[in-house]
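The chain below stands alone and is given in structure tokens; this is the form predicted alone.
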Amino acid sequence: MKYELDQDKELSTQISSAIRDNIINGQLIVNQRLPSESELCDQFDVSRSTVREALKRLAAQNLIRTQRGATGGAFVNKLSFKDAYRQQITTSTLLLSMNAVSFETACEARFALERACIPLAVKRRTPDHLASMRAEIHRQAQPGLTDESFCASDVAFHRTLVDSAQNPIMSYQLAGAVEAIEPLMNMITFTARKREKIVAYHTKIADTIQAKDVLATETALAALAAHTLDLANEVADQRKSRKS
């Protein structure tokens, strides 16, 4: 099958999009071998280097994998939520860094999305989930912990809360909220926050999840959201006073 490409647009992008569409619509199925580079060159009427660039794009999205040898080539990959997880975080981070999103907007989105996990987390959390939350709380209480490690533990705590809902689609969708939005929020608020307060909020959340109390968990998370917003306002006020 011959493809006609728009010569005014990047050719490799059009090729990767065409192959991706064929994977999505089922014309190319999992583990199926793609046409050879020579065949793709003929189908799209492009050079081998352009085809290779298109295949690199597809590999970067985990849509294909390559194998060497006589029976090798490029094959359709089975994309999992875990494979797409990092891509979701990267995309969310880029969107936030490239667009003027206020702290209030980011805070609102992050906690609203996380709150949606609470009913399922309360119902489905396992002893391992609770142990992971407790381990992060213990880590956060260590006096010698660096700011960077504290922030990483903060993210890990909320990642566990989301994952305890045991819904892979929600975990994937919230990857950006927890692991892209939260680190950016931490960068703004870490100078003003008191660690013991964060530990107290996290402890309350873990306690109420363990008690299987949805309303109390939602209330604890809402209190943390309000505290986070207060910290951001405090930092903003401090910056204004220094400028005046």
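Numbering starts at 1 and runs along the sequence shown. In this text, rigid core is short for the largest set of C-alphas that superpose within 1.5 Å between two forms. Everything numeric here is computed off the predicted structure, so don't read it as measured data.
Just so you know, the form predicted in complex with the DNA exists too; it's not on screen, but the next bit is about it.
(request) Determine whether any heavy atom of T71 comes within 4.5 Å of a heavy atom of the DNA in the predicted bound form, and answer yes or no. (result) The answer is yes: T71 has a heavy atom within 4.5 Å of the DNA.
(message) Against the DNA in the predicted bound form, would D45 count as a contact residue? Criterion: heavy atoms within 4.5 Å.
(response) Yes, D45 is a contact residue.
(message) Can you tell me whether E53 touches the DNA? I mean in the predicted bound form, with a 4.5 angstroms heavy atom cut-off.
(response) Yes.
(request) Answer yes if any heavy atom of L11 is within 4.5 Å of a heavy atom of the DNA in the predicted bound form; otherwise answer no. (result) Answer yes; at least one heavy atom of L11 falls within 4.5 Å of the DNA in the predicted bound form.
(request) Please name which of the stretches 162-170, 71-79, 86-94, 143-151 has residues with heavy atoms lying within 4.5 Å of the DNA in the predicted bound form. (result) Stretch with heavy atoms near the partner: 71-79.
(message) Using a 4.5 Å heavy atom cut-off, which residue among Q67, Q27, T191, N31 comes into contact with the DNA in the predicted bound form?
(response) Selected residue: Q67.
(message) Superposing on the rigid core, is the Cα displacement of I15 between this form and the one not shown 2 Å or more?
(response) Yes, the C-alpha moves 2 Å or more.
(request) Verify the C-alpha shift of V214 between this form and the one not shown: is it 2 Å or more after superposing the core? (result) No, its C-alpha moves less than 2 Å.
(message) Quick check on S47: with the core superposed, does its CA move 2 angstroms or more between this form and the one not shown?
(response) Yes, because once the rigid core is superposed, the C-alpha of S47 moves 2 Å or more between this form and the one not shown.
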